[in-house]
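Listed next as structure tokens is one chain, alone, in the form predicted alone.
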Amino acid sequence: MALQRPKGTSDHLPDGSPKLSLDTQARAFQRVTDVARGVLERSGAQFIATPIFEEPELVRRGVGETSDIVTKEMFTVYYFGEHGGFILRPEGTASVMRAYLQNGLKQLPSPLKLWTQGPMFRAENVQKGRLRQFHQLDYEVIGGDDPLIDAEAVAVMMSVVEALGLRQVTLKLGSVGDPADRERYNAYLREQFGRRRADLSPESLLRLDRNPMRILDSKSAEDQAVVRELAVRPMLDFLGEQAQAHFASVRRYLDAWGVSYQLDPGLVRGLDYYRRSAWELHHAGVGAKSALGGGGRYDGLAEQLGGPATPGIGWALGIERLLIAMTAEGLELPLSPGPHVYLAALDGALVGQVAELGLQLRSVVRAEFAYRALKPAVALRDAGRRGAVYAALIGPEEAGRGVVALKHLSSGVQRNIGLDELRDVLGGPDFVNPDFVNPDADDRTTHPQPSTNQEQA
């Protein structure tokens, strides 16, 4: 049996692959990244790249000891040496903050907007939209705590999904308050859940003393049943004055800008570093786990990583999940452009010369060439299969005259073009040169055939 890719991973395939779908299409992944890059960089964000593996302590401090990620979803990698292993990164924010602190990025103008993208790794139970290697877009703003920054972050996320063409999305907005607010809420939750210890999952029993808010975010059906039966009050009921004022200001900005959202009083983000603003973006087309991504403020993260107090806020979107949502809405990408010109030699002695011409033409157009001599009919067939606009054929007769037989494939018009003219014809301002294909222009209706003394294809 042939080897298979690991469970929970995916191959990103070229166009024309027999098992191609939008969420496995390499060009679709690139399209999402390109669209996001345009939105993010117009918003002032600069690109940053961090390693895909980090020290385990970074993940434990940044994500939280009681999180599902740390307790059961981390991938550890080892090498032959004394080191105790590294963690494949499960999310991007802690790595970006580590890079910010380690490399003195505080010296740059503040707040500093950064964005990144790449693979993340979690030992998930594989299902639709939930993989063990998945890809994220991350936007982070470090060094500012004004509620206007929060509102802008939400608006930038919405701009990305709108630029991708997605319309059937639901933004859920909440707040997880300040540390003192969370302590009051955790005390309340310990009291409530303590009365139902026997009904909690083993994981939630461990969280009950250290971080009972994590129980609200549990994936366990038994835990969620307990939450519903207790009618647990939401986090928003426990916000202090400062967190309330901050949240109200964020909402005023979003309302003024026409950013639509649903207030979610019980929203609890899955990572321990969140403070105040928190949000999630959902799409029904993704399935039961419908989140496309989410974000929030993490003003305490830098201190958890051993740095000075530094406010921050950010969000992440799952690329695979975005593509599933795009498929659900029937969105399609334009076809990949074929070569502007496909060149072929009609004689074996000319293959190298034609290849050199193709390399030169790449300075102005997308050019491909055949790697062996072809018959004219075979060359034209191959050019058509590749989606070329023009086919350029050179046999001994054309080479002797210093011309190519250039054929515009969709119209069928063919003309001999001097080698010194070819670059200008192909690299003109129009993708298809209207003068060249106009059958009423001068002698351009002639259809000279390439010379036929060629090798077999």
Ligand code: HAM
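Remember, it's a predicted structure, so these values are computed and weren't measured experimentally. One-based numbering along the sequence shown.
Another form, the form predicted in complex with the named molecule, is not on view; read the next lines as being about it.
Considering the named molecule in the model of the complex, the lone stretch of 180-188, 363-371, 294-302, 166-174 in range is 294-302 [heavy atom distance within 4.5 Å].
In the model of the complex, the named molecule sits within 4.5 Å of a heavy atom of residue 130. The named molecule is not drawn, but in the model of the complex it has no heavy atom within 4.5 Å of residue 149. Proximity of residue 212 to the named molecule in the model of the complex: non-hydrogen atoms within 4.5 Å are absent; the residue sits far from the partner.
Although the partner is absent here, residue 117 lies well away from the named molecule in the model of the complex, with no heavy atom inside 4.5 Å. For the three residues 136, 273 and 316, a heavy atom within 4.5 Å of the named molecule turns up in the model of the complex in every case. Think of it this way: in the model of the complex, the named molecule has a heavy atom of just one of 122, 113, 246, 207 within 4.5 Å, and the residue is 122. Proximity to the named molecule in the model of the complex, defined as a heavy atom within 4.5 Å, holds among 264, 91, 223, 347 only for 91.
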